[in-house]
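Below sits a lone chain in structure tokens, taken as the form predicted on its own.
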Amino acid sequence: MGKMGVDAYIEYLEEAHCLIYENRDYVTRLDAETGDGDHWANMNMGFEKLLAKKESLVSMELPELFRECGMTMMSGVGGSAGVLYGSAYLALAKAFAGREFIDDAGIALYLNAQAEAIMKRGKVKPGNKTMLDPLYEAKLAVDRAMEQGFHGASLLSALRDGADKGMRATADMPACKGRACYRPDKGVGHLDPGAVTMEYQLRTFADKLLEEESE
């Protein structure tokens, strides 16, 4: 499988931001149904602030890049998402100390570090109808694929499928956090918007790694 270094990771951030931006109406509508309606605006603002630093980001090592992503997302994304994304990226900075690339082995490390940080900081677990659900399912899918000896495109396909499964599953989950948990229906029947934007990022991450493999 190809290796994702700093340059490719910044390209991934740009592509993830594009996908989130293109779906602004959809994500905002989802959030308005069960929440405050500001999730898309908050996520978009965070990515804009992060990518405004592109010229300085390209000169960083991978752990330093993750640390800068964490600090920027923590201050640039409103609501709980900012704290959770910030914590996830700061965990990546520690996990990737001394590493220059994200490779096959690094995928599991990447997903696990973020999931553990979000669970700890957000006091959430899988099944709580949050951004964690697609991330955690992607982690489980990658772990299973690696145990079966899969790598490269097969591993990335497992990542994508797991993220999609986790995102879609939130529609049937009762909310345990946020405004949706105060609704009589607990948001059942509605996708969690945070899970949707997380799936966008995981999908784009897998696609970028696959692109790096083909080069």
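Remember, it's a predicted structure, so these values are computed and weren't measured experimentally. Don't overthink the numbering: it's just position in the shown sequence, from 1.
Heads up, the form predicted together with adenosine-5'-diphosphate (ADP) isn't pictured, but that's what we're talking about next.
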Response to the item:
Here the chain appears without its partner; judged in the model of the complex, the stretch of 60-68, 37-45, 147-155, 161-169 with heavy atoms within 4.5 Å of adenosine-5'-diphosphate (ADP) is 37-45
Discussion item. Can you tell me whether Lys54 touches adenosine-5'-diphosphate (ADP)? I mean in the model of the complex, with a 4.5 angstroms heavy atom cut-off.
Written reply: no
Discussion item. How about Ser80 - does it come within 4.5 Å of adenosine-5'-diphosphate (ADP) in the model of the complex, if we only consider non-hydrogen atoms?
Written reply: yes
Worksheet item: Would Ala206 show up as a contact with adenosine-5'-diphosphate (ADP) in the model of the complex if we use heavy atoms at 4.5 Å?
Response: no
Discussion item. Taking adenosine-5'-diphosphate (ADP) as it sits in the model of the complex, is Lys186 in contact with it (heavy atom to heavy atom, 4.5 Å or less)?
Written reply: no
Discussion item. Only one of Ile118, Ile102, Val142, Ala91 gets a heavy atom within 4.5 Å of adenosine-5'-diphosphate (ADP) in the model of the complex. Which one?
Written reply: Ile118
Practice prompt. Within 4.5 Å of adenosine-5'-diphosphate (ADP) in the model of the complex, which residues of 90-129 have a heavy atom? Give them in sequence order, or say none.
Written response: Ile118, Gly122, Val124
